[in-house]
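First structure 1, then structure 2: two forms of the same chain, each alone, as structure tokens.
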Structure 1
Amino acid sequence: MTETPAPETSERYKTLIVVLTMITTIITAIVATLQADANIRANTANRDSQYYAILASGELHRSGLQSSYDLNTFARLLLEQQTSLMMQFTALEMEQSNDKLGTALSNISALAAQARADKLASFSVFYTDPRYAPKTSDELPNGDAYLADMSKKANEIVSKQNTAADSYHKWSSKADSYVGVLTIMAIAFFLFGLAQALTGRMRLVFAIFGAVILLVSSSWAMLILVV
């Protein structure tokens, strides 16, 4: 009967440590790849969020100019309509008091104001666009629909910008976390290296510490990947 010779003290657990180091290397390589990928995704999302922010500011500026023009036109139109009406009232009062010159001047003012109002109506989106124009002469233009339409495009861009910014935060956070994992894996490498240099029971103790740290960092990497 032949007995299997026990390994030398200096060689014991050496293969185990080599295997653990190899596993750590492969896991580190995978985590490093994931970290690079997360970093690339964070950069792309960051770029998109900045680009959409530029587009949103441009659109807000443009819609601000347009609404300023539209509302100014509408205000001028109301003013001219009111002026025309008041001048017609004035002309009637002058006529009743037999002031012919006053009547004529008031009529001219009323005529001029009405001509200006009619022209402004053709410039006003609140009277030319069927989406906002009043359906009857008693109604007011649909201001709510106008405001909703004016901010629609800017809101769409801002929504895209928010999505990109959220994506940036998500991937940036993941990339940072992977760096944490890699740092812990470096500790595992250190412990396995120390274990390789030591002999006997201490070698096993350091190998176990290294293995525990490898397990924890691998679990953390999995958690980052899944969440």
Structure 2
Amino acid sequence: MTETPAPETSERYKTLIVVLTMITTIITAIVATLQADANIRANTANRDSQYYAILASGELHRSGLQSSYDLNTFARLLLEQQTSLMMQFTALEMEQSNDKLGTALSNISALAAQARADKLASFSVFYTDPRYAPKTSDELPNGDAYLADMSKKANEIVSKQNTAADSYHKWSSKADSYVGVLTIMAIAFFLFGLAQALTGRMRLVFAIFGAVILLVSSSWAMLILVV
């Protein structure tokens, strides 16, 4: 004959299962809260990443237009200076050939080209901005500083966008992992439910399996929270 477990022992197992079920419910609620928080943080980081991506695109477009204007103005300025210098040499050759009219016309062309160059210099950032303007008349503008400043803001925005993207991947991964934890905890709920329906040692066996799964899932949740 099979021995029937004592009523006290059976009731003790039942109480244990109820306590484990309550603990699982509390831990599940905590994990669900963490999952919702991670999901919110992931969505926020994703929104920020897209926002910075748009800002970076706009800044690159703006800096491209600005640099195109600046470089074209500078190139035109150099062309006028070269034209002025060439006409001055031509005037010297005309003067040596005793061609007074040619000398006068060449000098006028040189002065006109230099005037255009001076006017372009007043519109060029390479001569109006002290960060890039040459210190002496023999020096060239500081092109390296100009290029660094033109890309500085875009690089800062891209850096923020990368940070937001990394944050999105981090929190999105956490949210997905918490879903896995909740799935395993659902198994623990199922085992505790079966244990409630059973009697004797089988009740204890299912309760132990459920407790082990609860411990594993809780440890996994703690690892996700810390890492």
Partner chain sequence: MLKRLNESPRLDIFIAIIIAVVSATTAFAAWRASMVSSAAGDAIRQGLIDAVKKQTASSEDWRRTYEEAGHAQTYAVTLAQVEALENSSDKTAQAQAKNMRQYLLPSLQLVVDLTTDDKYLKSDGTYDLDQRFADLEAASPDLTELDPEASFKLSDQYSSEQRWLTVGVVLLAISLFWLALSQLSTKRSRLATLAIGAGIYLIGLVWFGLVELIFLIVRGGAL
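So that the term is clear: the rigid core is the largest set of C-alpha atoms that superpose within 1.5 Å between two forms. Values in this document were obtained by computation on a predicted structure and should not be read as measured data. Numbering for residues begins at 1 and runs along the sequence of structure 1.
- The chain as displayed in structure 2 is taken from the form predicted on its own.
- Once the rigid core is overlaid between the two structures, A110 counts among the residues whose Cα shifts by 2 Å or more.
- After superposing the rigid core, the C-alpha of Q96 moves by 2 Å or more between the two structures.
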